[in-house]
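Quick setup: one chain, the form predicted alone, written in structure tokens, and binding and motion questions come after.
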């Protein structure tokens, strides 16, 4: 017997009710299981802004961010050579007269800086302070330094002229006028400290940008296969030359396209070769991708100074490390890669021999 109109209406009403109930359960489930929106914080540090983005509930994210902010402030206070009250300023002022006993934090940075000096055959050297001052990066000068001035400054540069006492955790300069400058390692060191704090708080999805030194967790943001980090175009710094697809890595770029000064009409880049005492005119930019933040910071600077040969040695010595070198001029350039570099787009990359 065919259903009556009344029965059909009743059946449709039941089906509609089931549909409404199903949708309600679905949306309640989604509301309970949806990933929380990212929690971000900006911190003024290292003459720049750090931005920390965490994909976690606020109850976990906020305490982690508080601890990260405090740690960044502590590192900045210790390593800021322009602050007379900083620990490194006090070291620079007294280490030629008597051994300076370091805090555990400063000694840890020094330990890693000494390792970087050995790894890079002196292309990275925190004792470069006298050269940075000579060329006018610490105080403006109106004339280019003479060969004699450069030679004199080089006599006050070199970690071989610094005595490190590992037992007493002390530093002594053997030459007056020496000074340490942590500008090429501070951000990378801080990045590792921040990532360690996030791990202790159980944060497994995070992106940290310390003014261009970037680190990320192995787990990418919700719904994405990886983090995307841009490589700035050294010839048009407001644009990207390429992008990197990264997970659980640190990225840093070195180049002379931002902090240039002009002396006697000549543009001077801020990266100085500690071995020759002169500003570097190597690749237009070097991006290092490596598991540790401190290595990304140090290696990008050192390879900018020493070139592709050092990049090839570091790739062999430090697993998981790769470099993207921007070679050529604004009218004719390419990206030369050394090691594994996860480029997403941009000009074709030419692998280094």
Ligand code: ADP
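Quick caveat: nothing in here was measured; it's all calculated off a predicted structure. Numbering follows the first chain given and starts at 1.
Absent from the display: the form predicted together with this ligand. The rest refers to it.
Q: Given that the partner is absent here, does residue 301 sit within 4.5 Å of this ligand in the predicted complex, heavy atoms only?
A: Answer yes; at least one heavy atom of residue 301 falls within 4.5 Å of this ligand in the predicted complex.
Q: Is there any non-hydrogen atom of residue 50 lying within 4.5 Å of this ligand in the predicted complex?
A: Although this ligand is absent here, residue 50 would stay clear of it in the predicted complex, with no heavy atoms inside 4.5 Å.
Q: Are any of the heavy atoms in residue 283 no more than 4.5 Å from a heavy atom of this ligand in the predicted complex?
A: Answer no; every heavy atom of residue 283 is more than 4.5 Å from this ligand in the predicted complex.
Q: In the predicted complex, does residue 254 have a heavy atom within 4.5 Å of this ligand?
A: Yes, residue 254 sits close enough to this ligand in the predicted complex that at least one of its heavy atoms falls within 4.5 Å.
Q: So this ligand isn't shown here. In the predicted complex, which residue out of 150, 110, 132, 244 has a non-hydrogen atom within 4.5 Å of it?
A: Looking at 150, 110, 132, 244 one by one, just 132 meets the 4.5 Å heavy-atom criterion.
Q: Looking at 81, 76, 156, 172 here, can you tell me which has any non-hydrogen atom within 4.5 angstroms of this ligand in the predicted complex?
A: After the contact test, the surviving option is 81.
Q: Picking from 102-110, 87-95, 180-188, 222-230, which part of the chain touches this ligand in the predicted complex when contact means heavy atoms within 4.5 Å?
A: Contact criterion met by 180-188 only.
Q: Let me test this: is every residue among 288, 295 and 307 within 4.5 Å of this ligand in the predicted complex, going by heavy atom positions?
A: Negative, none of the three is within 4.5 Å.
Q: Of 89-127, which residues get within 4.5 Å of this ligand in the predicted complex if you count heavy atoms?
A: Sequence-ordered list: 123, 124, 125, 126.
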